[in-house]
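One chain comes next, on its own, written as structure tokens: the form predicted on its own.
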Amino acid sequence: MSQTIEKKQKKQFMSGAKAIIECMKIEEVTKVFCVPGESYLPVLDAIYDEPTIELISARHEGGASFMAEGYAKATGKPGVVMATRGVGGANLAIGVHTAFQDSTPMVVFLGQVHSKFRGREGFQEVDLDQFFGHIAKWTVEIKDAERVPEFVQRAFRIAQTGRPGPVVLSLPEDMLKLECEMLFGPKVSIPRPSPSSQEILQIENILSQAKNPLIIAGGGVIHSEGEQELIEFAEKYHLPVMAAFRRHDVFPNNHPLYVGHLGLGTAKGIIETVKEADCVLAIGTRLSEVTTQDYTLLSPEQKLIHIDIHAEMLGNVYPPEVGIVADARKTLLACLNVNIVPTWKEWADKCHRTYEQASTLTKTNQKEKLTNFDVIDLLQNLLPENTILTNDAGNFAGWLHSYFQFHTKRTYVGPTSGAMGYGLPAAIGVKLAHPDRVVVSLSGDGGMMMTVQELETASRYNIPVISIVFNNQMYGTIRMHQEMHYPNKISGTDLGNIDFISLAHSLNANGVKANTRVEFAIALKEAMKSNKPTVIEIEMDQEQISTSKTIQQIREQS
């Protein structure tokens, strides 16, 4: 027995900093994102000596954390990001919050002041483990160098198991230099719990009595790599499938059983589909505020079967008829054996027709001014099938969410947290994960300006992402709500005009403005062939504030 343990655990004499890198090697980490800082110089030095790990140095910690989060979504592996002390930690907090709400595995290393200086309000001192406690799965300060393997390997385990999420490790700079004997364990093995036979029988009994069943599929299906099993389950029992907020690619949008996406500005017909369902099978979704349309979507009359890897998600929003703590893919595999005779084909077909009607695009003449509808239509027709799209927060995303069809799994990366500034840096992280695939980000002018400096990062590392900027010179989402509640009173939402083309050039990227369908098509094709990042700017009609209403129409209804 002792010989077996000795084989699994390695003893080595090294510094705390080198032990962190050794843990990364065990976990097969190949990319680390950061803004460098003097408080963790020993870690940067250890990465320099490790040829298997590439360090990506960003322009801002918020951008670095978004890159790591996007990379993690694209790979299914933990994103690793580093920053210095309180100031760097505060800057990257937005990415930690995004990873927490999106259930994205992330490991964050933050330099900390010297142990002897703690408690004196030392330079940039913040209790980092306390600071991040509410928006991370686990936080810890490593005070003893010999415990680095224990804490770092535990961090990678916590980040990836159960409901994935971010963990934060605080690293006092003196601890990183201390050398001692380190004991390393094996690479993290992720448990995949299966439902019991009794629980599968409960699902069978409820579905057998249903007339209008509906699946709402979330990120848990994607994390478990259960997309194919979801297709097989839906097809075998002719079950309509709806995607939770910003989980578009969980099920092929061109499939006859796909019935829509539950997000911001979801079409009324798609909302009615959910309300008409008598049985809802929620798989791998926490039934968030947006997915449930401000927690109003489901009623006590509907039977809810809720399956999630994390027990605390069950009953957190709606009390389920059956709540099952299990891996989504394992559950879907087990459900392929239930004894059910579908009687709801007409219902499923009706739901799909409703989705088709709601997602029909309006196109303009090629010579007319480019519209947001045109952009989505051209992206749909010109991009390769395996293109990965990311998006920022903003009303422009309504066109993407309502009208673009994701036909292939793992082709969408978006923030359920609604974080501005996400689109471009997330695209950089995604492109590093999949350098052979086209990666396109969509941003408004407001969100783009929050992380536009990362264009230089993309240029410096030769990461040819394509960034589409919808420019209406305002914070559009807030302006829309402003007009709804305080019509004609514009306060703080107007923005100045930015020359994004010149800005892109100054950051060593390509830049082009598109005003017609023809110009946009040419720009997109050229961008896909370029080995440099490209910004394509589109002037939005300020009046067209959303997919369905103009500012004037909102004012008239207020």
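So that there is no doubt, residue numbering starts at 1 and follows the sequence shown. Every value quoted in this text rests on a predicted model; they were computed, and no experiment measured them.
Another form, the form predicted together with a small molecule, is not on view; read the next lines as being about it.
- None of Leu389, Leu332, Ile94, Val280 but one reaches within 4.5 angstroms of the small molecule in the predicted bound form through a heavy atom, and that residue is Ile94.
- With the partner removed from view, the residue among Met450, Ile466, Met313, Met242 that has a non-hydrogen atom within 4.5 Å of the small molecule in the predicted bound form turns out to be Met450.
- By the criterion of a heavy atom within 4.5 Å, Ile478 is counted among the residues contacting the small molecule in the predicted bound form.
- Interface membership of Asn395, defined by any non-hydrogen atom within 4.5 Å of the small molecule in the predicted bound form, is confirmed.
- With a 4.5 Å cutoff on heavy atoms, Ser359 does not count as touching the small molecule in the predicted bound form; it lies far away.
- The shortest heavy atom separation between Pro252 and the small molecule in the predicted bound form exceeds 4.5 Å.
- Only one segment in the set 341 to 349, 222 to 230, 135 to 143, 413 to 421 has residues whose heavy atoms sit within 4.5 Å of the small molecule in the predicted bound form; it is 413 to 421.
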